[in-house]
Each structure stands twice: as C-alpha cells, then as structure tokens.
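Before any questions on how it binds or moves, here is one chain, the form predicted on its own, in structure tokens.
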C-alpha cells in the first residue's frame, strides 16, 4: 500500500506587492531585498481574509483536481502558523467552508515544516486503515504580523500619501523579517493505493528544541497575564524574531543530510533524484542546499522570487507549479525538504 497524491491546488490572494512598493514605507530597496533573499514580490490577502479561507480555496481546487467531491474526503490535516484564531483551529473552519462531512480534522503547528509533517501524518492515517482519502493543506496569512499603520494603504496601492518619518522609521526596525513573507495556500489530496510504483516512499522527521530561540516570537504568550500587552505591541514583540545567520547555517547542513538519509533508506543516491523541492525561505538557503547536494539547478526549482516565504504553503505551492509545467511528471523521483521554527526539519521521498 502507498499513499498517492491524486490532486493538488493553490490559492493566491489578489494583492501583489513588489519590493519597490515596500521601499515607500521603510528604508529598503529592491536591490537590498533581492540581494539578501532573492525575493522580488509577494502576495498579501485582502483585509479580513485569513489562512482558513485561502486554505479552503486551495483545498477545493485540490479536490476538483483529484476528480472528487467534498463528501469523498475522510479526514483533514491543516498546517499553519498563522491561524484565523487562537481557537478554534483552522481545520473546523475549512470543514464548514468547503462543506465536508463531519470528518475529523488535525491542526499542525510545525511552521515551515508543517506540510512535510502533514504528509507523514497523512501517510500514517491511511496506513492505519481508518481512512481512504486525506485533504492536506498548508496556508498562511503572514500579513497579520506586519506592524504597518498608514503604510498599508501605500503598500496595497490605496493611497499615494507617504507615511510620516516616524512611521517609516518604525517600519524599518523589522524590515529584515517583514520583507521576507507572503500569503498563500497549497493543498493536496492523498489517497490509499494498493498497487503501483507511485506514492510516498520514505520520510525522515526531526525536532531539536535546543534551537527554538533561533526563530520564535516572544509576544502573545500564555505564560503571562494577559497573553499579550500593549507594551509588547508597542515594542514590536508580536513580530517573529530570527537569528538569520544561525538559521542559514543550520538549514544548509540539516536539510541536505535529511535528503541523503531518505535516499539511503531506499538504497538510492542523491543523483537519482529528478527534483528536490526545498522550503522557500530564502534563495541563498536554497542555493546552499543545492550546493551541498551537488545537484544542477534544473533539479532544484524555486519560486520564492514571486511569492516570498509562505511557510507551510511553500512546498505544496511549488509542487503544484512543477506538476503544471511538467517538471513533476509520471515516474519522477522527488525529495521534499524543509526546516523551520522548533527547530523542526526533515525530508520525504516521493515517486510520481
């Protein structure tokens, strides 16, 4: 028995924001952002649009692509670090929005590795014999982290009025993080298949809480009362913080090793891979992983330049595009890999 991806879909919110637009509300430039991240633009959701809605749109598209109807889905796995609410999770919201049966839903909080962990969970659920079809979703609306005030009108093209010097200075304080992220969703339908070569072959997942402080958010903590304060908001502590140098060094070491591990588990060499789909956090990290694996650029596609880092959505978004453009065709051997806050990381080996 193998777990086979039978459909995929994506959802992109309508606002496309370029680096030049961001440079109007903070001290940055297209050249500064491209040099450090490779990002040229990103999508932002409309006001009031959350990750549950984007995830539902991607989920509906994946169900259609699989030739199924909503009532055919047996269980939902929803990965996000930007849920609509602290409670409930996004799973129930998607279940209602799509009109699924009263199926169980799982909400995952593995951040950038959420889709990878979700793929392993989907495989386990199918192998348990309890379910036949899983809807796996990765969706984010990072725009909720952005601390901009009047700058939002400028970014979304709703105003030509420049923000004050004071607001521009405030926006600049978090530019190293806020320029990196975008909003998007991707989803796949995973079904049980008894025969055939296609399907998930192997996964390797890891967690090291010793690296938790490398990528975290100190505000909005239930260790304190209340869980968020006006002082934290004023200090920008509701924006994630990152030790970029440490994350880079860790990512270009651990992701390649995880890929080597899953290949070795199947008696394969890295050179046997047709594609390596890497979490789209930073183009420099993607290039570093590619170099460590010794693979040509045509085997390591990327789309971070168009979408930025969409966390749990990056892998299904990239996978869907590779399907659409023929890179991920029948018989192709694909490795997925990701690393994110936790630290959580790993790799999965999949045969199309």
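These numbers come from a predicted model, not from an experiment. Positions refer to the first chain, counted from 1.
What follows is about the form predicted in complex with ligand UT7, which we do not show.
### Message
247, 285 and 339 - do all three of these have some heavy atom no more than 4.5 Å from ligand UT7 in the predicted bound form?
### Response
Every listed residue reaches ligand UT7 in the predicted bound form, so yes.
### Of 218, 175, 109, 168, the one that lies within 4.5 Å of ligand UT7 in the predicted bound form (heavy atoms)
By the 4.5 Å heavy-atom cutoff, the listed residue in contact is 175.
#### Entry: Of 134, 259, 100, 281, the one that lies within 4.5 Å of ligand UT7 in the predicted bound form (heavy atoms)
The residue from 134, 259, 100, 281 that makes the contact is 281.
### Message
Whether residue 56 contacts ligand UT7 in the predicted bound form should be assessed with a 4.5 Å heavy atom distance threshold; does it?
### Response
No, residue 56 sits far enough from ligand UT7 in the predicted bound form that none of its heavy atoms falls within 4.5 Å.
### Task
Answer yes if any heavy atom of residue 27 is within 4.5 Å of a heavy atom of ligand UT7 in the predicted bound form; otherwise answer no.
Residue-level check for residue 27: yes, a contact with ligand UT7.
### Message
Test of understanding: in the predicted bound form, would residue 155 fall inside 4.5 Å of ligand UT7 by heavy atoms?
### Response
Close contact is absent here: in the predicted bound form, residue 155 is far from ligand UT7, nothing within 4.5 Å, heavy atoms only.
### Message
residue 180 versus ligand UT7, in the predicted bound form: is there a non-hydrogen atom within 4.5 Å?
### Response
Within the cut-off, so yes.
### Query
Looking at 62-70, 29-37, 319-327, 286-294, which lies within 4.5 angstroms of ligand UT7 in the predicted bound form, counting heavy atoms?
Going by heavy atoms within 4.5 Å, the stretch is 29-37.
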